[in-house]
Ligand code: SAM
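Just one chain is shown here, as structure tokens, and it is the form predicted on its own.
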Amino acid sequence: MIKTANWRWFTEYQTDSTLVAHKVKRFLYSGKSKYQEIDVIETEDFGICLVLDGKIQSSIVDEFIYHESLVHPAMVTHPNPEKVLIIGGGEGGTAREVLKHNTVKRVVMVDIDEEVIQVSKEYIPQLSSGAFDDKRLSLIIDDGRAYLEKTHEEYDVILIDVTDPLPEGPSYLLYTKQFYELAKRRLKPNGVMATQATSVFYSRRSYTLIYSTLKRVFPIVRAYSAWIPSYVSAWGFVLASLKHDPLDLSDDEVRSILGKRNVHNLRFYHPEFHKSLFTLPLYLKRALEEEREIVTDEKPTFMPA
């Protein structure tokens, strides 16, 4: 963990010239797995937080914004999501939201770092809220890309909830054209995919590159964002689909879908907000439209460490 000389403050670098400091009430856990540094801290403003490689991944105060934004637009866009693949998602929040849809019969969650899962279960069980005990969930400890290369299963929805593309991190090859082509092959003919896509401010180029790359692979691609207070940024997401367009859904249709699937207890996503998520400010629309380059294994994208 990156800390100042005063241990009561945790500092997180957004870029090499900008950092954010959080006052810490207590340190609950600090360790290092084979893949990354893992810390659990309790801050004054955001409560208990999971921190990986010096960056806040989830805080109990606002994690619902991130997880609901990643999950529900894709799940609602698919007319009948029964089989869902989650790549990453170690703390369990993404699985928790997926399992709210009563159409779901099977969820496969593939995460490379078992220690993140165990630490999350012990220190932040609120994030998974029992998802790991749901009989519909199968947990596989493996590299997400390796799993896609060897599995023959096909999915209705694939959700990519992995850490940011950092040079020393385990996830930067999960943002490339080759990876997205693997994901596409594991989708059913009307499948939908969504991925987190980094900060739209501090790493805007990564955001536009992820969007541009998915445009080369999928026929329907929609970028969206949501403000995440603990990230101190609007956060990017990209939805990619083989057939269904999230913008085709009206407020009433979204309301009907959520009602029929018995999805309740949402705190951020709601029918009137569905299309609004995909409404971006002009400077971002232009940046996305003007991006021509793509991310490949040979030329990955990295957000600031």
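Just so it is clear, the structure is predicted and the values come from calculations on it, not from any experiment. The numbering used is simple: start at 1 and walk along the sequence shown.
The same protein also exists as the form predicted in complex with S-adenosylmethionine; that form is not shown, yet it is the one meant from here on.
Given that S-adenosylmethionine is not shown alongside this chain, does Ile56 nevertheless sit within 4.5 Å of it in the predicted bound form, heavy atom to heavy atom? The answer is yes: Ile56 has a heavy atom within 4.5 Å of S-adenosylmethionine.
May I ask you to check whether Gln36 falls inside a 4.5 Å heavy atom distance of S-adenosylmethionine in the predicted bound form? Yes, Gln36 sits close enough to S-adenosylmethionine in the predicted bound form that at least one of its heavy atoms falls within 4.5 Å.
Can any non-hydrogen atom of Tyr269 be found within 4.5 angstroms of S-adenosylmethionine in the predicted bound form? Although S-adenosylmethionine is absent here, Tyr269 would stay clear of it in the predicted bound form, with no heavy atoms inside 4.5 Å.
Indicate whether S-adenosylmethionine has at least one heavy atom within 4.5 Å of a heavy atom of Ser128 in the predicted bound form. Judged by the heavy-atom cut-off of 4.5 Å, Ser128 is well away from S-adenosylmethionine in the predicted bound form.
Picking from 212-220, 84-92, 128-136, 183-191, which part of the chain touches S-adenosylmethionine in the predicted bound form when contact means heavy atoms within 4.5 Å? Selected stretch: 84-92.
The single option of Ala226, Val76, Val119, Val162 touching S-adenosylmethionine in the predicted bound form, heavy atom within 4.5 Å: Checking each option against S-adenosylmethionine in the predicted bound form, the one that comes within 4.5 Å is Val162.
Could you check which residue among Val108, Ile124, Val104, Leu174 gets a heavy atom within 4.5 Å of S-adenosylmethionine in the predicted bound form? Comparing distances to S-adenosylmethionine in the predicted bound form, the residue within 4.5 Å is Leu174.
Since the partner isn't included here, can you check whether S-adenosylmethionine sits close to all of Leu52, Asp142 and Gln196 in the predicted bound form (heavy atom within 4.5 Å for each)? Answer is yes for this spot.
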